[in-house]
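In structure tokens, the next block holds one chain alone, the form predicted alone.
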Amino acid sequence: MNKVLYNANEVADKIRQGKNLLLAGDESLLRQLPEGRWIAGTIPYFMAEKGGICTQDSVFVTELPSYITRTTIKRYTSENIINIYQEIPQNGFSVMIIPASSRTHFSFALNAPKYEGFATGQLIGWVSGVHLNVLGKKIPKVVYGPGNEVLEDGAIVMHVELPDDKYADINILNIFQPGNGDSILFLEDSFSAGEVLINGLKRNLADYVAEKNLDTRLPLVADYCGAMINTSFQGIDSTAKIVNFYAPVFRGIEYKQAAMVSDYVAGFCRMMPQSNEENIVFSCNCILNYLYSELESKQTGNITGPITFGEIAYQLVNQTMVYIAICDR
């Protein structure tokens, strides 16, 4: 397996060589890097060569293949992120990094399915975060490499064009399936919920979760146009009787809590691609999978990448691994 964790000096050398890089690491390391053709997000958790690791001393490096024909790096705000799908290269893909809990993060997560051209292009990426020990005290960031500008809000996107003989293919690896429990319908698009419809009857969701003693490590799962998409529980405000989520729930879609998974690592390994693993150029996995399945020092196949506060595969998803492969036509 190729090396993926580098010290700041090694990363700086790659940048000076003109490499197209996707980076992840501690803010203090990213600030040391020279300007160049790279984008980055803050996070100290990774799936590396020897398995899951938390480190603030190394930068995770994804170096894009030399055969790509062109890259364009662009900053987006909560106002112009609406254009993202129209600007994805026709033959290529785009990689987006957004800071967790920023205005752009919430805007994209809630509204992406309504954007013109939604899911017509290959969009992958992740939500940056911080060490869990400083959650709520330190702000996640993204970095615009051409100017080494560190931002608390906005999306940084690398648009990647491919030669005609190749194409990009995004996949969502989700070990969760809907369980046999109650049907949950939400009354509005939101990152939180109070009143919902459970099997057609209006109930308070916080009361329902407490009454059923639901294991909130298991996400809600819904069928989004043929793809099983997770929405993870963030927490329950028992005083306000509100349930908060890491990704939005959407009105009119039926959700069910996921069935229990007996072995997270084995579940991931069973679903790993076997035929085109060498073609995978970028992947990321969710911090909740890292925590709940205790992935530190464990491998989930040979795929490496940052451990994130949210994954992007056409839209925001949770508790999944997403990856993009570049294949020959």
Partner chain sequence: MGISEISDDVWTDVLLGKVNFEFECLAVKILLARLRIRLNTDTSPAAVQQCTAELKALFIKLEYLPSVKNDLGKMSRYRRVS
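Just so it is clear, the model here is predicted, and its values are computed rather than measured. Positions refer to the first chain, counted from 1.
The next section is about a form of this same protein that is not shown, the form predicted in complex with its partner chain.
Taking non-hydrogen atoms only, Gly136 never approaches its partner chain to within 4.5 angstroms in the predicted complex. Proximity of Gly181 to its partner chain in the predicted complex: non-hydrogen atoms within 4.5 Å are absent; the residue sits far from the partner. Although the partner is absent here, Asp169 is a contact residue: one of its heavy atoms lies within 4.5 angstroms of its partner chain in the predicted complex. In the predicted complex, its partner chain sits beyond 4.5 Å of every heavy atom of Lys3.
The putative spot formed by Ile39, His131 and Pro163 is not touched by its partner chain in the predicted complex; no residue has a non-hydrogen atom within 4.5 angstroms of it. Between 94 to 102, 244 to 252, 202 to 210, 72 to 80, the stretch whose residues reach within 4.5 angstroms of its partner chain in the predicted complex through a non-hydrogen atom is 244 to 252. In terms of contact with its partner chain in the predicted complex, the residue from Ala193, Ala119, Val150, Ala259 that brings a heavy atom within 4.5 Å is Ala119. Scanning 309 to 329 for heavy atoms within 4.5 Å of its partner chain in the predicted complex gives Ala313, Tyr314, Gln315, Arg329 in sequence order.
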